[in-house]
Structure formats: structure tokens, C-alpha cells
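Before any questions on binding or motion, here is one chain by itself as C-alpha cells, the form predicted on its own.
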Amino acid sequence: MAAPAAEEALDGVLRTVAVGALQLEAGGALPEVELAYETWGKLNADASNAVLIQHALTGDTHVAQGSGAEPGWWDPLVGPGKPVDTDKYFVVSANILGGCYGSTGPASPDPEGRPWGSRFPFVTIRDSVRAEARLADRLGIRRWHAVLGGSMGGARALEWAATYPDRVRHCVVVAIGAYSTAEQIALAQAQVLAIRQDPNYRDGDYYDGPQPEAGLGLARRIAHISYRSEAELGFRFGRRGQGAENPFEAADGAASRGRYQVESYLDHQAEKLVGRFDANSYVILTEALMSHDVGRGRGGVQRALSSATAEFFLAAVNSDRLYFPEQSEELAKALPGEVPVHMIDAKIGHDGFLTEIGQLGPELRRRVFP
């Protein structure tokens, strides 16, 4: 289906566009790909005011509130009069390839009308960026004023700058490095196995039966521990029991004991994700993030970025224990010229890139969105 004219679109309303067949980096292909996306603001006559914002692993395209009532996940950053001013800039956010919020993914129908399930191919961050380039073409955008994102969204922004150097003027990379480290891959593998070992997973072909909710919930628990800092968990929950539950009472055996508050918190985070996300997409996107390495096949990180023409803006969260600030510093050293790393001061940990993004507003206005 053709993309609607950008100037006619309501702000923050989800729609989709077909971008054609896609050959994949690791082999295989998808015969027809659709990408879901939202936009805010209006594209100007020479298409020079377009901004692409990339979501994180289980995020969606709803960056800012727009025309509806639902708040966006980066509302402090995007909107009329905000650092990414939608009265001036045309903002686009696309659901990643393999996702479950409208883009082609494992739950999507194959050419015969059945869910892809276990037959959905392995995709990389680079594959999604290539699909997004076609979305930009459909929208009439030759060059982005800026591409920005945090966490996995930052990986996608970085890939844009390396893959299409002539199509990115500014690249904003928040809370992620140039590649996934061994520790990050290890944490991701534990999450993937939690899902795959759920008896209801059935190798990914579960759409006609019970969902692998236990596995997806466990994966979320593992991930969420790395998203928050030890200090924040200690301050919020300590060793306290949950309500009237007593962790030291187990009259009917060990499994009957009461929960600590932090256990209840993780249970709540798991339940929320299970209610809104597809387990197969979680596996596909987690493995895509495991593959993140901007230097792969390009002679290493420094050589891969040596031809990038974008002006880079890097930021890290000082309490991040998933993507350490040192990784952002390493990325900065690999870039041409002197690129500072702006620090988000947050006690919360990795999720500070979401909750405290407003701290970057003044510098983003000065350097990227004047």
C-alpha cells in the first residue's frame, strides 16, 4: 500500500507501508515487508526537516502523544516547543522489522496466510535499517536531519550513519556502544532460552494454542534486573516483604513462602509485557540486538565509521549497568574528530535514557535541533 502524504497525516497515528521484498544479511529473504510507523509535524518543501526516532527493544512507534490521548515514551523530548520541536521538524518513528506493533514479524501472515512462527528468518539491526531506508524513500526523504535513539534504538541510529552516510546529517546515540559485548550477549541468551524452553513455545508455532507466557515473563524479569541499578532496587524495595506476605513463612512448603517486594515488582513487570508483546518477536529482536556490531564486515568499528559524515551526539547514563558509559566513551574514540559523551545523571540505571531524557534537551537544542 502506498504511504499517505506526510502533510495529511495526523500526528501520532499508526499506519503501514509496503517496502517490498528484502534479502537478509544472514541469508534468506522476506518476500514482502511492511513497516508500521507514526509521524508528527509536517515535511517541508525540500524534505530537509525530517527526523527519525528509533525505539528500544520492546518499545513501539508512539514517541510522542500527538493527536490522541495516549502519552508517548519520549514526550519530554518530542512535541510542539520541545527540543525536537514538531512545529519545526517532521518526526518519523518506525516499528522495527520483526516486531509486533504493525511491522512484518513472526506473527504476520506468510504468503499462504499462516503466521510465520518458527519459519521467520533471523534478522539483524542492519536488515531493519535497510527496510527503514525504503520507508524514507516512500516518504520522499532523501536525507534525515537527524536519526536518534536509545538502547537498541541507538544501535539502529548508529547503523544508519554507517550504512547510509550521505543520508544522515546528525546521529544521536544514547545508552549503547558500537557493539554488543560478551556479557550483553550472555544476558540476552538467558532471556531467549527462557522463552524457548517454555513448553508452550513449540519452536515458535504457538499461535493456535496457549502462549508461552511463563517463558516471556521470565525473560522480562532477567532483562528488567539489568535495566535498573542496584541502588534503585535497594532504595525502593530493600529486603521488605510484599504487603502482608512474609518471605519467612512457608507453611505448605518452600514454594508457598511470601514474596519480597522486589519479587512482586518483577512479577508486575513480567505481567505487563506478557499482556502486550509477542514472545517470538522478543526472541527475534533480542537476537538482532545480540548481532549489533557496527564494525562487522567493515574492517572494525573505527574503519566502519571513518566514512560517516554525520555529526555525532553521544550520551550515556552514569548508573547504567547494561550498557556501561565506558562503551560510549569507546565509541567516541572511534569516531572522527573530538566527540564528547554527554552524561545523563540518573540513579535508576539503564532506563534513565527513557525517564531522564529531558536532561539532554538544552544540549540537543544547541547542537542538533537549533
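None of the values given here were measured: they were computed from a predicted structure. A residue's number is simply how far along the shown sequence it sits, counting from 1.
Beyond the structure shown, there is the form predicted together with another copy of the chain, which is absent from this document and is the topic of what follows.
- Only one listed stretch (192-200, 71-79, 85-93, 142-150) carries heavy atoms within 4.5 Å of another copy of the chain in the predicted complex, and that stretch is 192-200.
- In the predicted complex, no heavy atom of P31 sits within 4.5 Å of another copy of the chain.
- At least one heavy atom of L218 is located within 4.5 Å of another copy of the chain in the predicted complex.
- Looking at L266, you'd find a heavy atom of it within 4.5 angstroms of another copy of the chain in the predicted complex.
- N49 falls outside the set of residues with a heavy atom inside 4.5 Å of another copy of the chain in the predicted complex.
- In the predicted complex, no residue of the candidate spot (P109, W160 and V341) has a heavy atom lying within 4.5 Å of another copy of the chain.
- Contact residues in stretch 174-191 (any heavy atom within 4.5 Å of another copy of the chain, taken in the predicted complex) are Y179, S180, T181, A182, E183, I185, A186, L187, Q189, A190.
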